[in-house]
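First comes one chain, alone, set out as structure tokens in the form predicted alone.
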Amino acid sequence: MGVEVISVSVDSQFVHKVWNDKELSKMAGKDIPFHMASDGPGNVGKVYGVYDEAAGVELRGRFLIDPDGVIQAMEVMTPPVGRNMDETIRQLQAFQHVRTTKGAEVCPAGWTPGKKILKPGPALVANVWKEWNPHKDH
């Protein structure tokens, strides 16, 4: 998809290795397919607002950052609930589509490739419902 994935946690590179060897590789059937960085003191987590100082851990955060370094989307979750990679991929595809069209086309809620897009402009204001029906269009 032309993206770079980097995982950052307060865990050491040794914990990352054990996680890869004993957990992820067994679930995914392969080694970690992305870079993992150790952020022991939580410096990266503090910048992104996901570092829990009292617990000394970083919450699960996902940040979609465009090629210009601008955060386009973020999701922060506590450990009891896992993330949804299909939704992450859907969002990446939507952001890439909007970027490719330079904003001439936008992706409504739940959009997936091949589904209806919208063309923003004054005519769309208060008329989205005429152009896109979430019950029919996705």
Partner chain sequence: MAEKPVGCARPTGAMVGNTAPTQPEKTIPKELPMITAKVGAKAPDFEAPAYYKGDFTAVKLSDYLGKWVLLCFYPGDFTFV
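Numbering follows the first chain given and starts at 1. From a predicted model like this one, the values you see are computed outputs, not experimental measurements.
The following text describes the form predicted in complex with the partner chain, which does not appear among the structures shown.
- Contact check for V128: every heavy atom lies farther than 4.5 Å from the partner chain in the predicted complex.
- Contact between K26 and the partner chain in the predicted complex is not found at the 4.5 Å heavy atom cutoff.
- Contact annotation for N133: none of its heavy atoms lies within 4.5 Å of the partner chain in the predicted complex.
- In the predicted complex, the partner chain lies farther than 4.5 Å from every heavy atom of K116.
- Applying a 4.5 Å heavy atom cutoff to the partner chain in the predicted complex picks out V57, E58, L59, R60, G61, R62, F63, L64, I65, D66, P67, D68, G69, V70 from 56-70, in order along the sequence.
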